[in-house]
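Have a look below at one chain only, the form predicted on its own, in structure tokens format.
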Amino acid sequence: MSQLLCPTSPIHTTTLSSGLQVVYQYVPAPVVAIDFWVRAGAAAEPECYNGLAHALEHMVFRGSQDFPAGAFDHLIEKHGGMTNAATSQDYAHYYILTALEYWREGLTALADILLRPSLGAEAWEQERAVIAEELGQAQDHPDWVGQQVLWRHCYGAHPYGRPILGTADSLARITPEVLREFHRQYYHPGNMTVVVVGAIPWESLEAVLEQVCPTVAGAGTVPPLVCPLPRVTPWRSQLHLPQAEQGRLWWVWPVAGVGEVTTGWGLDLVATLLSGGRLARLTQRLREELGWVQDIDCHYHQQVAGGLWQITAWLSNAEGLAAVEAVLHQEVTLLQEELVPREELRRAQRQLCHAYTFGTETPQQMARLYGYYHQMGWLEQSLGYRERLRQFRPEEVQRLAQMYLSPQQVVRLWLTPEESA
């Protein structure tokens, strides 16, 4: 077992005989967080079965032979615990938070429904209706619709360009047999990582994991998806959506796979300088001083093969679109041409450091952070996040803006409730 130094207590990583990768941290707390990560996100599914990874996430909670429908949720909740799951393009993860004295029961049950779900035909018909309703609600949400349009343009034929929820047509093609085959290929210990944070002795945890996650004959780690992202040219489009109550504006820059985690942190720092709080540049000008937007947000969405750095503005008045875009152009260009004052940079660094601190206060938050960085291959580097963030200099921020945020290369989308004149 290898050990990573952490300001609180060491983080241990190892691989069991089954191929299951384990990230473990002993934390003296009355609760335990257990988080299974499966390298089987939406990018792994065949195009004709778009939505399959998310569908399987739903079906896992329909139970197994030992834990029929409802039994798993009842077991976790009767002890005051909680459980949930999420599917992204690159992975799916399933987690529980339970009282320390019930961790064995919770871990055993979660492993069972993950590795041996029933995936019956009747249950799938019921769950497909639930997913169809979820898809319908998403399609009524302007922010979701706009994001799908941007993903399709920026990712093209790459699997990232498809909606994680799937479509009505692709959901109709998924059968229990398709679910079982996807599960057989990806849902085995050799393609999983479990993160455990809590006051559990390692010897006890290892013994239970060896028992509930046995070796699967012929199964191994599935190679990561290797699919180059398309080259994206500048683009501008308008989307008419009658159900939208206000206009939206997106400026987006595709970012190819980032080999250095610190590059992603630097792009987060750029986003904070522009929209992180009332004193941030875009927030101050467009919302606080001019009142041209109701809100504005910048963020970097990191994925294995590549992500998006984007600005989203919720417009106060659609007629002010050109003026808002002029300010965006000015502020992005200013980052490229002039060094950020050190005090302004320090304020943004403090914001991100404080957000990191607040986001790692509980075992559940820690487990999720460790799982994400482990999937990305950056767990060890992530432990130096605050120290490295404080080391960013104005010259580095300027260089990142010059490399990734050229106003001449931006992808623009304007969403409006009304047809343009």
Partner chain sequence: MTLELQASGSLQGRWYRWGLDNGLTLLVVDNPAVDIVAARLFLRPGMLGEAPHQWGLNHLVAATLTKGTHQRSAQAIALAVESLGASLGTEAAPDYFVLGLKAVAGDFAELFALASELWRCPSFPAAEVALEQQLTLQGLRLQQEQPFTLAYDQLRRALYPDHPYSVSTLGTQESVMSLTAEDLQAYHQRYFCPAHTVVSICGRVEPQRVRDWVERCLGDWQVPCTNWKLPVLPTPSPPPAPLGLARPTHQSLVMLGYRGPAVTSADYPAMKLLSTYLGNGLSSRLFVELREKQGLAYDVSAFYPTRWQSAPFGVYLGTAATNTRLALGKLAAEMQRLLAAPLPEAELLTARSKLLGQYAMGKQTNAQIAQLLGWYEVLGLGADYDLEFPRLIQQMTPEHLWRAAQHYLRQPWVSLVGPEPALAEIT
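Numbering follows the first chain given and starts at 1. Values in this document were obtained by computation on a predicted structure and should not be read as measured data.
Just so it is clear, the following notes concern the form predicted in complex with the partner chain, a form of the same protein that is not shown.
A.B. asks: Name the stretch: of 370 to 378, 348 to 356, 42 to 50, 392 to 400, exactly one has residues whose heavy atoms fall within 4.5 Å of the partner chain in the predicted bound form.
C.D. replies: The contacting stretch is 348 to 356.
A.B. asks: Does the partner chain come within 4.5 Å of a heavy atom in each of 127, 244 and 316 in the predicted bound form?
C.D. replies: Checking in the predicted bound form: 127, 244 and 316 are all within 4.5 Å of the partner chain.
A.B. asks: Check each of 190, 81, 320, 159 and return the one that places a heavy atom within 4.5 angstroms of the partner chain in the predicted bound form.
C.D. replies: Contact check passes for 81.
A.B. asks: Can you pick out, from 206, 105, 288, 112, the residue that has a heavy atom within 4.5 Å of the partner chain in the predicted bound form?
C.D. replies: The option sitting close enough to the partner is 288.
A.B. asks: Is there any non-hydrogen atom of residue 248 lying within 4.5 Å of the partner chain in the predicted bound form?
C.D. replies: Although the partner chain is absent here, residue 248 would touch it in the predicted bound form, with heavy atoms inside 4.5 Å.
A.B. asks: Taking heavy atoms only, is residue 136 within 4.5 angstroms of the partner chain in the predicted bound form?
C.D. replies: Yes, residue 136 lies within 4.5 Å of the partner chain in the predicted bound form.
A.B. asks: With a 4.5 Å heavy atom cut-off, would you call residue 284 a contact of the partner chain in the predicted bound form?
C.D. replies: Close contact exists here: in the predicted bound form, residue 284 approaches the partner chain to within 4.5 Å, heavy atoms only.
A.B. asks: Indicate whether residue 278 is a 4.5 Å heavy atom neighbour of the partner chain in the predicted bound form.
C.D. replies: Although the partner chain is absent here, residue 278 would touch it in the predicted bound form, with heavy atoms inside 4.5 Å.
A.B. asks: Who in 30 to 65 is close to the partner chain in the predicted bound form, meaning a heavy atom within 4.5 Å?
C.D. replies: In sequence order, 31, 58, 61, 62 come within 4.5 Å of the partner.
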